[in-house]
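Consider the single chain below, provided in C-alpha coordinates and representing the form predicted alone.
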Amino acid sequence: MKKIIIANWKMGLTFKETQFLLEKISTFEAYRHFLIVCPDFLNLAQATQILKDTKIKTGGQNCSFHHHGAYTGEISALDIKAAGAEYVIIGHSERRRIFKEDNSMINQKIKIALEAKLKPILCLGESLLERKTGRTRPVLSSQLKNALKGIKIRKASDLLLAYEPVWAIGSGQPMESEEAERMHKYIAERAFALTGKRLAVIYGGSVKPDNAHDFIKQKNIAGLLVGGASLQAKSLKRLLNI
(Lines give C-alpha, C1' and ligand atoms only; values in the text may rest on other atoms or scores of the structure.)
Protein backbone atom coordinates (compact mmCIF):
# COMPACT_ATOMS: atom_id res chain seq x y z
CA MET A 1 0.00 0.00 0.00
CA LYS A 2 1.33 3.46 -0.95
CA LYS A 3 2.29 5.59 2.04
CA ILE A 4 3.42 9.21 2.52
CA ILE A 5 7.08 9.94 3.25
CA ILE A 6 7.81 13.51 4.38
CA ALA A 7 11.49 14.49 4.32
CA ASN A 8 12.02 17.32 6.81
CA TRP A 9 15.53 18.58 6.10
CA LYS A 10 15.44 21.23 8.87
CA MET A 11 18.81 23.09 8.85
CA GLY A 12 20.71 19.89 8.14
CA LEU A 13 22.24 20.86 4.78
CA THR A 14 24.12 23.79 3.28
CA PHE A 15 22.76 25.56 0.21
CA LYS A 16 25.03 23.56 -2.13
CA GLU A 17 24.37 20.28 -0.33
CA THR A 18 20.64 20.85 -0.69
CA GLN A 19 20.96 21.47 -4.41
CA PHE A 20 23.09 18.35 -4.82
CA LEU A 21 20.56 16.20 -2.94
CA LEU A 22 17.66 17.65 -4.92
CA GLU A 23 19.44 16.82 -8.17
CA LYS A 24 20.02 13.26 -6.94
CA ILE A 25 16.43 12.59 -5.92
CA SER A 26 15.11 14.12 -9.14
CA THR A 27 16.69 11.12 -10.90
CA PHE A 28 14.87 8.56 -8.73
CA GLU A 29 12.86 6.25 -10.92
CA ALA A 30 10.04 3.97 -9.79
CA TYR A 31 9.47 3.95 -6.03
CA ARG A 32 6.66 2.65 -3.85
CA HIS A 33 5.61 5.64 -1.78
CA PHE A 34 4.59 9.29 -2.15
CA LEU A 35 7.34 11.79 -1.29
CA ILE A 36 7.08 15.34 0.08
CA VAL A 37 10.37 17.21 0.46
CA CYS A 38 10.59 20.10 2.94
CA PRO A 39 13.89 21.98 2.45
CA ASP A 40 14.87 25.26 4.10
CA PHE A 41 13.11 28.38 2.80
CA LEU A 42 16.07 29.59 0.71
CA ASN A 43 15.90 26.38 -1.30
CA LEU A 44 12.13 25.97 -1.56
CA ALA A 45 11.61 27.62 -4.96
CA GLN A 46 14.69 25.86 -6.30
CA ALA A 47 13.41 22.53 -5.03
CA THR A 48 10.10 22.99 -6.81
CA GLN A 49 11.92 23.85 -10.02
CA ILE A 50 14.34 20.92 -9.86
CA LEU A 51 11.53 18.46 -9.05
CA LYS A 52 8.97 19.86 -11.51
CA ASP A 53 9.16 16.86 -13.85
CA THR A 54 8.78 14.32 -11.05
CA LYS A 55 5.88 13.23 -8.84
CA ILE A 56 7.67 14.59 -5.78
CA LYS A 57 5.92 17.45 -3.95
CA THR A 58 7.46 20.18 -1.80
CA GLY A 59 6.53 21.83 1.47
CA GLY A 60 7.63 24.57 3.83
CA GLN A 61 8.94 23.79 7.31
CA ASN A 62 6.87 26.51 8.96
CA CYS A 63 4.88 29.65 8.14
CA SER A 64 3.89 32.91 9.78
CA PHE A 65 0.49 33.37 11.38
CA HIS A 66 0.09 36.54 9.27
CA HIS A 67 -0.11 36.84 5.49
CA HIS A 68 1.94 40.06 5.38
CA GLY A 69 3.08 42.99 7.50
CA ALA A 70 5.92 44.19 9.71
CA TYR A 71 7.06 40.77 10.94
CA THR A 72 10.82 40.67 10.50
CA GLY A 73 12.19 37.26 9.64
CA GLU A 74 8.80 35.59 9.15
CA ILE A 75 7.74 33.69 6.01
CA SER A 76 4.28 34.19 4.54
CA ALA A 77 2.19 31.16 3.59
CA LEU A 78 1.33 33.05 0.41
CA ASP A 79 5.02 33.15 -0.53
CA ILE A 80 5.43 29.46 0.27
CA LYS A 81 2.56 28.76 -2.11
CA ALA A 82 4.05 31.12 -4.72
CA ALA A 83 7.35 29.20 -4.49
CA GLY A 84 5.46 26.14 -5.73
CA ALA A 85 4.97 24.26 -2.48
CA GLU A 86 1.76 22.38 -1.74
CA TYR A 87 2.35 21.59 1.93
CA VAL A 88 3.63 23.25 5.11
CA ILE A 89 4.67 21.71 8.43
CA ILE A 90 2.95 23.38 11.39
CA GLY A 91 3.44 22.82 15.11
CA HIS A 92 6.61 20.74 14.90
CA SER A 93 7.85 19.87 18.37
CA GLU A 94 10.97 21.98 17.83
CA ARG A 95 8.79 25.01 17.05
CA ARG A 96 6.71 24.33 20.17
CA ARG A 97 9.73 23.75 22.44
CA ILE A 98 12.37 26.16 21.14
CA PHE A 99 10.19 28.96 19.78
CA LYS A 100 7.40 28.59 22.36
CA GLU A 101 4.58 28.18 19.84
CA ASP A 102 1.35 27.34 21.63
CA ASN A 103 -1.86 25.76 20.36
CA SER A 104 -3.49 29.15 19.75
CA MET A 105 -0.65 30.25 17.46
CA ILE A 106 -0.66 26.87 15.70
CA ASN A 107 -4.41 27.18 15.17
CA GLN A 108 -3.91 30.57 13.50
CA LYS A 109 -1.13 29.19 11.30
CA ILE A 110 -3.38 26.37 10.10
CA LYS A 111 -6.07 28.90 9.17
CA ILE A 112 -3.51 31.05 7.33
CA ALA A 113 -2.08 28.03 5.49
CA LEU A 114 -5.51 26.86 4.35
CA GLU A 115 -6.37 30.38 3.16
CA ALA A 116 -3.17 30.29 1.07
CA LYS A 117 -4.31 26.96 -0.46
CA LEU A 118 -1.55 25.04 1.30
CA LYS A 119 -2.08 21.67 2.96
CA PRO A 120 -0.95 21.84 6.60
CA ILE A 121 0.97 18.97 8.17
CA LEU A 122 -0.05 19.35 11.83
CA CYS A 123 2.42 17.84 14.28
CA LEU A 124 1.31 16.40 17.62
CA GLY A 125 3.20 14.70 20.41
CA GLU A 126 3.71 14.23 24.12
CA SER A 127 6.84 14.86 26.18
CA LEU A 128 8.61 12.18 28.20
CA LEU A 129 7.15 13.54 31.43
CA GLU A 130 3.64 13.50 29.98
CA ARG A 131 4.19 9.93 28.84
CA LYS A 132 5.52 8.79 32.22
CA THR A 133 2.59 10.37 34.07
CA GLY A 134 0.01 8.71 31.83
CA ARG A 135 -1.15 11.90 30.13
CA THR A 136 -0.36 11.00 26.51
CA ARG A 137 -3.94 10.70 25.28
CA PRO A 138 -5.30 13.79 27.08
CA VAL A 139 -2.35 15.83 25.77
CA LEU A 140 -2.88 14.68 22.18
CA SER A 141 -6.61 15.25 22.42
CA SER A 142 -6.06 18.78 23.74
CA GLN A 143 -3.50 19.58 21.03
CA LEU A 144 -5.91 18.42 18.34
CA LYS A 145 -8.94 20.19 19.77
CA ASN A 146 -7.16 23.53 20.19
CA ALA A 147 -5.19 23.40 16.95
CA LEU A 148 -8.34 22.65 14.92
CA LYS A 149 -10.69 25.02 16.75
CA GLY A 150 -12.97 26.81 14.29
CA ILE A 151 -11.36 25.13 11.28
CA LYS A 152 -13.46 23.44 8.62
CA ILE A 153 -11.79 20.90 6.36
CA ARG A 154 -13.41 20.48 2.94
CA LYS A 155 -11.79 17.13 2.18
CA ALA A 156 -9.55 14.75 4.07
CA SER A 157 -6.54 15.35 1.82
CA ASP A 158 -6.47 19.06 2.81
CA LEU A 159 -4.80 18.30 6.15
CA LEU A 160 -2.24 15.73 7.33
CA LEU A 161 -1.49 14.82 10.93
CA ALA A 162 1.96 13.80 12.10
CA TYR A 163 2.33 12.03 15.45
CA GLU A 164 5.84 12.66 16.76
CA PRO A 165 6.36 11.62 20.38
CA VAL A 166 8.79 14.30 21.56
CA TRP A 167 10.83 11.87 23.65
CA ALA A 168 11.59 9.77 20.54
CA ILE A 169 12.75 12.56 18.21
CA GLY A 170 16.47 12.35 17.53
CA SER A 171 16.92 9.94 20.43
CA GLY A 172 17.55 6.84 18.37
CA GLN A 173 14.78 5.19 20.41
CA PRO A 174 11.55 5.16 18.38
CA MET A 175 8.23 4.14 19.84
CA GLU A 176 7.39 0.46 19.44
CA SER A 177 5.47 0.12 16.18
CA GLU A 178 2.53 -1.70 17.80
CA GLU A 179 2.11 1.09 20.34
CA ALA A 180 2.44 3.66 17.55
CA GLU A 181 -0.33 1.87 15.67
CA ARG A 182 -2.65 2.16 18.67
CA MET A 183 -1.85 5.84 19.07
CA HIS A 184 -2.45 6.54 15.38
CA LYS A 185 -5.84 4.85 15.60
CA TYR A 186 -6.71 7.00 18.62
CA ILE A 187 -5.58 10.22 16.90
CA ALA A 188 -7.52 9.37 13.74
CA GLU A 189 -10.67 8.73 15.79
CA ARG A 190 -10.32 12.01 17.70
CA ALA A 191 -9.66 13.91 14.47
CA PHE A 192 -12.75 12.38 12.87
CA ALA A 193 -14.85 13.44 15.85
CA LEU A 194 -13.58 17.01 15.43
CA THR A 195 -13.61 17.37 11.64
CA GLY A 196 -15.88 14.68 10.28
CA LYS A 197 -13.00 13.66 7.98
CA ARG A 198 -10.79 10.59 8.08
CA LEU A 199 -7.41 12.31 8.15
CA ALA A 200 -4.17 10.51 7.39
CA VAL A 201 -1.86 10.21 10.42
CA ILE A 202 1.85 9.62 9.88
CA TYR A 203 4.60 8.75 12.39
CA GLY A 204 7.79 10.67 13.16
CA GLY A 205 10.51 10.03 15.71
CA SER A 206 13.89 8.35 15.10
CA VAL A 207 12.73 6.73 11.87
CA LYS A 208 15.43 5.22 9.66
CA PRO A 209 15.56 2.60 6.90
CA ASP A 210 16.33 -0.18 9.36
CA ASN A 211 13.11 0.29 11.38
CA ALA A 212 10.80 2.01 8.89
CA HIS A 213 9.15 -1.22 7.74
CA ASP A 214 7.83 -1.87 11.25
CA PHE A 215 5.81 1.35 10.99
CA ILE A 216 4.94 1.22 7.30
CA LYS A 217 3.27 -2.18 7.67
CA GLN A 218 0.80 -0.89 10.28
CA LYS A 219 -2.74 -0.30 9.05
CA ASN A 220 -3.36 3.06 10.72
CA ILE A 221 0.08 4.58 10.09
CA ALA A 222 -0.26 6.44 6.79
CA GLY A 223 3.42 7.22 6.38
CA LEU A 224 6.53 8.67 7.97
CA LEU A 225 7.91 12.09 8.90
CA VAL A 226 11.67 11.66 8.58
CA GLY A 227 14.47 13.97 9.69
CA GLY A 228 18.12 12.91 9.69
CA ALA A 229 17.55 9.72 7.68
CA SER A 230 16.25 11.81 4.76
CA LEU A 231 19.44 13.85 4.36
CA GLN A 232 21.17 11.31 2.14
CA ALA A 233 19.91 10.12 -1.23
CA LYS A 234 20.72 6.46 -0.58
CA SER A 235 18.87 6.43 2.74
CA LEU A 236 15.87 8.30 1.33
CA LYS A 237 15.66 5.94 -1.63
CA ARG A 238 15.57 2.97 0.74
CA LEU A 239 12.72 4.57 2.68
CA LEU A 240 10.76 5.10 -0.52
CA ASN A 241 11.01 1.46 -1.48
CA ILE A 242 10.26 -0.24 1.84
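A quick note: this is a predicted structure, and the numbers were derived from the prediction, not measured. One-based numbering along the sequence shown.
Omitted here: the form predicted in complex with 2-phosphoglycolic acid. The next part is about that form.
Asks: Decide if the three candidate residues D40, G59 and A85 all line 2-phosphoglycolic acid in the predicted bound form, where lining means a heavy atom within 4.5 Å.
Replies: The answer is no: none of the three residues contacts the partner (heavy atom, 4.5 Å cut-off).
Asks: Since only the chain is shown here, I'm wondering whether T48 would be in contact with 2-phosphoglycolic acid in the predicted bound form (any heavy atom pair within 4.5 Å).
Replies: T48 lies outside the contact set for 2-phosphoglycolic acid.
Asks: Is there a non-hydrogen atom of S206 within 4.5 angstroms of a non-hydrogen atom of 2-phosphoglycolic acid in the predicted bound form?
Replies: Contact check for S206: yes, within 4.5 Å of 2-phosphoglycolic acid in the predicted bound form.
Asks: Answer yes if any heavy atom of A168 is within 4.5 Å of a heavy atom of 2-phosphoglycolic acid in the predicted bound form; otherwise answer no.
Replies: Within the cut-off, so yes.
Asks: Flag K109 as yes or no: does it have a non-hydrogen atom within 4.5 angstroms of any non-hydrogen atom of 2-phosphoglycolic acid in the predicted bound form?
Replies: No, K109 sits far enough from 2-phosphoglycolic acid in the predicted bound form that none of its heavy atoms falls within 4.5 Å.
Asks: If we take heavy atoms and a 4.5 Å cut-off, which stretch out of 67-75, 148-156, 134-142, 90-98 is in contact with 2-phosphoglycolic acid in the predicted bound form?
Replies: Selected stretch: 90-98.
Asks: Are there residues in 205-242 with a heavy atom within 4.5 Å of 2-phosphoglycolic acid in the predicted bound form, and which are they, in order?
Replies: Heavy-atom contacts to 2-phosphoglycolic acid in the predicted bound form: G205, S206, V207, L225, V226, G227, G228.
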